[in-house]
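A single chain comes next, written as structure tokens; it is the form predicted alone.
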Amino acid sequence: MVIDWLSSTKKLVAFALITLVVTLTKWNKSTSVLRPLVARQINRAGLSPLPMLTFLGVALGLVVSGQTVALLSKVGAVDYAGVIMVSVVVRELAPLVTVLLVLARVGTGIVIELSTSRALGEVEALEALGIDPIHYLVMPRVIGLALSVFSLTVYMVLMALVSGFLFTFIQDVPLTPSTYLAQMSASLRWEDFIILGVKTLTFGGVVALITCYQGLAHALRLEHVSQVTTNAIIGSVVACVVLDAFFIIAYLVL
């Protein structure tokens, strides 16, 4: 199992490097075809999940933000609300919840449609026509998912912070909007904005790479699509958790 995992990881890294090279070398080629594909992926991954993301953002604010601030007010430690909000919501929960939602809603669809295309021979047909499958199928999805996860994370953070404060206001917690914002601004560092941006873009790109790799890198039959989808979901979750651990270390170092 360890040998199989190392072999799969090696192939995935090679697939990621190939995608990076294709993206850098063919960025300006066939823009009239690729730009609508990127826009379609952004609409699919960035706009379609908004209703569900709004619900999760409000729930996150009520469960984490509001409950935490209300508890701190009972023990006279409201001054630490900003620190907890930044550490729990901004740095950790919002990026992870967002990328898992995108994986469940969009990532599974990507691996299913690509693996089905591979099983039906459509990918080989593109190659026969002289079209690079990485350039046409993978690059738009990587760019679209990376930008979508970044934008959706920012939206979820705002929704969680606003709903959390509204909950504390309903509970008559002595915390004014100016004090709440001052605590948040005092807790945020410039590194938070950079790491949050890099983390969310990386999460989206990794999910797109893993789902595309599982859908394209193997010779498949239609009955294998479900197993490939399961492998893609498990691999994406594990990769995001491992990457998140590295970003936690980066927070501690900086």
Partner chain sequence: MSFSPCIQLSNATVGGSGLFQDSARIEQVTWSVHAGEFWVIGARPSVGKTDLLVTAAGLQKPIAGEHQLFGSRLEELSEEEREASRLRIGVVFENGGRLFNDLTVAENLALPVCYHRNCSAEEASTEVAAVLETTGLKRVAQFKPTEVSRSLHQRIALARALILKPEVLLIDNPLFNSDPFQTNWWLDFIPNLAVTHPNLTLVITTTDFRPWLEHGRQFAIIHRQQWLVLGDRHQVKQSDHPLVQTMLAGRWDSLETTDFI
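Residue numbers count along the first chain shown, from 1. Small disclaimer: the values here were computed from a predicted structure and weren't measured.
In what follows, reference is made to the form predicted in complex with the partner chain, a form of this protein that is not presented.
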Out of 83-91, 99-107, 155-163, 129-137, where are the residues with a heavy atom within 4.5 Å of the partner chain in the model of the complex?
129-137
Just to be sure I understand the contacts: of Leu62, Leu34, Ile42, Ile195, which is the one whose heavy atoms reach within 4.5 angstroms of the partner chain in the model of the complex?
Leu34
Looking at the partner-bound form in the model of the complex, is Gly121 within 4.5 Å of the partner chain by any heavy atom?
yes
Spell out, yes or no, whether the shortest heavy atom distance between Ser30 and the partner chain in the model of the complex is within 4.5 Å.
yes
Classify Ala125 as contacting or not contacting the partner chain in the model of the complex by the rule of any non-hydrogen atom within 4.5 angstroms, answering yes or no.
yes
Taking the partner chain as it sits in the model of the complex, is Arg189 in contact with it (heavy atom to heavy atom, 4.5 Å or less)?
no
